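Take a look at this one chain, the form predicted on its own, written out in structure tokens.
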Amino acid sequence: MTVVIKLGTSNITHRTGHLNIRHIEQMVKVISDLKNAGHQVVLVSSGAIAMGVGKLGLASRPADMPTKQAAAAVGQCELMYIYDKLFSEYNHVVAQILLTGSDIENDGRRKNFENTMDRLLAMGTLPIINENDTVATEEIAVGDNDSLGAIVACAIHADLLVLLSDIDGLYTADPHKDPTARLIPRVEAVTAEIEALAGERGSGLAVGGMTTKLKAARMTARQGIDMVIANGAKPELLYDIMEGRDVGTRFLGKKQEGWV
């Protein structure tokens, strides 16, 4: 099985922006085990700006674009160093790819990306992808890594996209405000009613929220790819997700009435 796993900022850093060492070590261990079992894994990782914020000692996520890009430049270096170090302990080779929106929209550059991904996976590497935040202004930005994860999953014809963040999945209401809110285990179509359930984003260092995840679900569904939203607080849940068990919310990857 080929799976794209998107890690949110909250999955790899503390709210300070510094690395959550215990959690990222557990995540790398589980992902390495999935590769050992024969799965092809692609990682879409957030966290560059947040780690740059922590390393530069900034009080919060920058509001202006140049400082965001500067933080990303510092943080991306640190992020890949950590991934390379940890995955190497399990004898897995990582590869870094940084993308912008224009890389995806341009037919030639998109094809080059797809060819590179095919070769990297054939060589047994673990590609780690992030948006190129150091150059991606509003005009050329994908905008969020939920969408980027869906773009990557579609480009490599993955079997599954897993979006891990700090939420358990899609609920019937905001679980922080409504104690009667229920987790929705499966979604067959992103209807207007489903879209109405999208809430606000979570962590102050993160970008996106349920709205971007529903957008990703639409993209993958058109290509027949299942997508799961789950809480990345327990990395071992990836085993259950890969085995098709009910974890978080699974969006079925098949064209049906209601998908637009």
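In case it trips you up, residue 1 is the first one in the sequence shown, and so on. Since this is a predicted model, take the numbers as computed values, not measurements.
What comes next is about the form predicted in complex with a small molecule, which is not displayed.
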{"query": "Answer range among 171-179, 124-132, 82-90, 154-162 for contact with the small molecule, defined in the predicted bound form as heavy atoms within 4.5 Å", "finding": "124-132"}
{"query": "One residue of Met210, Ile225, Met27, Ala48 in contact with the small molecule, assessed in the predicted bound form (non-hydrogen atom, 4.5 angstroms)", "finding": "Ala48"}
{"query": "Asp144: touches the small molecule in the predicted bound form, heavy atom cutoff 4.5 angstroms", "finding": "yes"}
